Ligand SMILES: Cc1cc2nc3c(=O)[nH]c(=O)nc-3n(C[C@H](O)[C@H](O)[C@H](O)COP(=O)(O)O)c2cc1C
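Here you get one chain, nothing else, as C-alpha cells; it is the form predicted alone.
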Amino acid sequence: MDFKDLIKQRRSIRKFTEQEIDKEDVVTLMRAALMSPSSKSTRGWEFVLVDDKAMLERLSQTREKGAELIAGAAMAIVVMANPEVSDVWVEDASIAALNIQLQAEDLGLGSCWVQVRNRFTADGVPTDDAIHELLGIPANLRVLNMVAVGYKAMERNPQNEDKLQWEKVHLGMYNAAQE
C-alpha cells in the first residue's frame, strides 16, 4: 500500500479480536516508534508495551471514560517522554505515537489513540499519575497517551476525500482568498 492509501485507510479502531500480535510485528511497531523524528534528535520518548490482560483491564480504568477499549486490545503501548530532555516532549511523543499507528495500519492491525495527558480517573486522579503507579514509571517521565493495538474486529470505511475541509487551508496568509 502506498502512503496516500495508508493515510486514507487508517481509522481509529475500538474493537479487536482475541488474536495476539506476532512478535515480529511488535518489533516492527517499535522500530517505527524508535525511528520517529524528535526535536534536536533528543529522542526523549520511551514506551511500555503491555499485553497482560489483567493489566490491560486496569489501564482501561485509568480514565473516567474513553479508555474502555484498552481492555479488549491485544496490546497497549504507553507513550511517554522526559520533559527535562526536551521542552517539546508532547510533540516528539505525538510523532512517535502516530508512527506506531501508521505502522500498525500497514501491518493490517488496528489502533486507537487514548489520550492520557490532562485526563482524569473517575475519582479525579490524573490519569498520568494512575498509570505511573500501575506500571512503575519513573517520576521524571510524563505519559502522553496509550495506543491500543490489535487485529481489527470491526471495519471502517476509508476517509472520504469529498469531505475534506479545504476551506481550512490558507495560501500565503490566513483568509488571503477572501481579501
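Being a predicted model, the structure only gives us computed values, none of them experimental. Residue positions are given as counts along the sequence shown, with the first one as 1.
In what follows, reference is made to the form predicted in complex with the named molecule, a form of this protein that is not presented.
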Spell it out for me: taking the named molecule in the predicted bound form, does every residue among T17, G72 and N99 have a heavy atom no farther than 4.5 Å from it? no
With the cut-off set at 4.5 Å between non-hydrogen atoms, does G66 touch the named molecule in the predicted bound form? yes
So, in the predicted bound form, is R156 in contact with the named molecule at a 4.5 angstroms heavy atom limit? yes
With the partner left out of view, is I131 within 4.5 angstroms of the named molecule in the predicted bound form by any non-hydrogen atom? no
Please run the contact check for V143 against the named molecule in the predicted bound form: heavy atoms, 4.5 angstroms, yes or no? no
Name the stretch, out of 132-140, 34-42, 53-61, 110-118, where some heavy atom lies within 4.5 Å of the named molecule in the predicted bound form. 110-118
Taking the named molecule as it sits in the predicted bound form, which residues of 1-30 have a non-hydrogen atom within 4.5 Å of it? Please list them. R10, R11, S12, R14
